[in-house]
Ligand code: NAP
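Encoded as structure tokens, the following chain is the form predicted alone, with no partner shown.
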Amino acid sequence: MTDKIPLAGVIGSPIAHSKSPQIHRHWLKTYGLAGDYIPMDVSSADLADVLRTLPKAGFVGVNITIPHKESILEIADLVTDRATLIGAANTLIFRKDGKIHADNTDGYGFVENLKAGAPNWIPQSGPATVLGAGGAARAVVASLLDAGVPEIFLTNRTRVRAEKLADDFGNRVTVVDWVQAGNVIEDAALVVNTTSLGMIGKQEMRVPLDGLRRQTVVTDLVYAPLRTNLLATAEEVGCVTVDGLGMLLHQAVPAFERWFGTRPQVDSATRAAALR
């Protein structure tokens, strides 16, 4: 009875929109575990101080989201090779020796979501076209290369950002001008949107999609709405489509296991909890 109840949470700014508390609290309840998961709006100026204080209050770790995913690497004491390669971290573990351990589970979540939603997708079957070159794109590119995708066509509205990403990942990544995005969609076995285009309140995607083929797998990291125009168009063509909510669910699995000692399952009840 003297043990502290383990606490975890998510830090960002803003944070009220996060679905992570619903997901982790659902798992805590489902598996009958003591603990809680708390959203915290923390400014960049206060981030380091807050992170050093949280373990004293019983926190075992936190998720990190926008705008702190890159800057957290300078605060953490230990950073995994995966987080270093991606250039961002989304999961922190507060170790018993007082050190902050930073990792990135976004790429894991992306690939697990693809496996669940498109179980017949074979990474070696052909190139992938990735739209966008932000932090999410870095995690996606890293995970696809690790899975064995032979080539990635990377396209972004600002070409220089795509070129910087490609330089970090080697010659299996080819940068394509944004105006040519429709052409490399035609050549792709997998199409991934990592941009905010199509999200509620954002611009719609204007990339030509007439090159989509029935055997193409199409996934969108946007999950508000769940069925974006990209996915709706792909469904009409007959493509296998995978929505973005599953990535959020699957990236949470390894973090929950590290913090609370139980590996949770992503199932229909988990999706329902996230959508409540």
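Start at 1 with the first residue shown and count on from there. Here the structure is a predicted model, which is why all the values come from computation and not from measurement.
Keep in mind that the form predicted together with the named molecule is missing from the display, and what follows is about it.
The candidate spot formed by Ile23, Val60 and Thr91 lies out of contact with the named molecule in the predicted complex, as no residue has a heavy atom within 4.5 Å of it. The contact with the named molecule in the predicted complex, taken as any heavy atom within 4.5 Å, belongs to Leu197 out of Val175, Val149, Leu197, Val111. Residue in contact with the named molecule in the predicted complex (any heavy atom within 4.5 Å), chosen from Ile86, Ala137, Leu144, Val191: Ala137.
In plain terms, the part of the chain that comes close to the named molecule in the predicted complex, with a heavy atom within 4.5 Å, is 216-224 out of 50-58, 36-44, 234-242, 216-224.
Asn156 belongs to the set of residues with a heavy atom inside 4.5 Å of the named molecule in the predicted complex. Interface residue remark: Pro127 is not counted as part of the site for the named molecule in the predicted complex, having no heavy atom within 4.5 Å. In the predicted complex, the named molecule lies farther than 4.5 Å from every heavy atom of Asn171. Contact between Leu248 and the named molecule in the predicted complex is found at the 4.5 Å heavy atom cutoff.
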